[in-house]
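The chain below stands alone and is given in structure tokens; this is the form predicted alone.
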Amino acid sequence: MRAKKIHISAILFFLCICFLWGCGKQQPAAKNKLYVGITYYDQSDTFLSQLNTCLREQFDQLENDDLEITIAVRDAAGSQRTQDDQVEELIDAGCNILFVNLVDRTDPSEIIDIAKENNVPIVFFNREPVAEDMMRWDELYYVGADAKQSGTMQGEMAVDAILANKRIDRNRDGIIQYVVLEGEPGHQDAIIRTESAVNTLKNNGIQLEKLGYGIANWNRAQAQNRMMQIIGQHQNEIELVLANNDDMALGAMDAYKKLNYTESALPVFFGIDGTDVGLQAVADSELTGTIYNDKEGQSAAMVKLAVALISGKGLEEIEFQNDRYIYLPYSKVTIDNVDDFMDRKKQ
């Protein structure tokens, strides 16, 4: 019996020594863990695909011994119902912050509700929710650009081109016959880009005649098909094509190529976004110009915001508009400066 008591006392003494040694030893600080759930309205969108690449590069550069980063990416493929389910799945998987590129910018209610219930901040990007929805919770943010600025800049570039090259008015009637290719029916950015581009032309004294209008859902193949229909109706009359993004501008060009139009019979084409293929088309003098949508700046802002929200450090250093919006400026791209923007891919 005495031996048993001695044995128990020895074990207790050993455990106490281990405990005291552990208390005296400095424990390593726990890593900050950033688990980002990203859902896109449609990852086949050229601009968003390139933005996703930028985001991954930003996170790769940021990860270190003090910050562990996990990324989960989902493609809603144009379905808001699918996206709602994806957000729930991402939160259940442990995501502590969400990047959401909304399918339907007017219907984020379910996403906001489940994020709020689980206290997971949301950074909306590229497709801006309506202001009322953004006010439903303090942990909702938006990163993107001002659609009106892109349309205004596109209109300004078109004005400059028309004034500098009288051959654009091929029939010499003093009126520019034009076509618009728009992104989505009822989509805020698409409507604003179109209206601001056309109004800028008119406000600068350019007489316009609208020959055609097509919804092409930001898609190159759809733009080609829609443009072929419009060309069939108007033949050689079209002098200017304004497209809400580069893919649709390139689709319009594809239609003319498929119909074997000569270069002298082509209208001038303008896009928006400054995608890799769009920039190359400007460099090749196929697109007269595009508007650069700063994917590098937007992805950097999103990553910085995510780290600040999770770590609780650095949020005061971020410049917001109206407490929760971050807008990156657009830039005009022409043959004269396109190399500067193409060089960004190499940096």
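Remember, it's a predicted structure, so these values are computed and weren't measured experimentally. Note that residue numbering follows the sequence shown and begins at 1.
Here the subject shifts to the form predicted together with a small molecule, a form of this protein not shown in this document.
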**Message:** Contact with the small molecule in the predicted bound form for Y292, defined as at least one heavy atom pair within 4.5 Å: yes or no?
**Reply:** no
**Request:** May I ask you to check whether F47 falls inside a 4.5 Å heavy atom distance of the small molecule in the predicted bound form?
**Result:** yes
**Message:** Considering non-hydrogen atoms and a 4.5 Å limit, does the small molecule approach D189 in the predicted bound form?
**Reply:** yes
**Request:** Answer yes if any heavy atom of N245 is within 4.5 Å of a heavy atom of the small molecule in the predicted bound form; otherwise answer no.
**Result:** yes
**Prompt:** Among R127, R74, R220, K116, which has at least one heavy atom within 4.5 Å of the small molecule in the predicted bound form?
**Reply:** R127
**Complete:** Among 119-127, 88-96, 204-212, 169-177, the stretch whose residues bring a heavy atom within 4.5 Å of the small molecule in the predicted bound form is 119-127
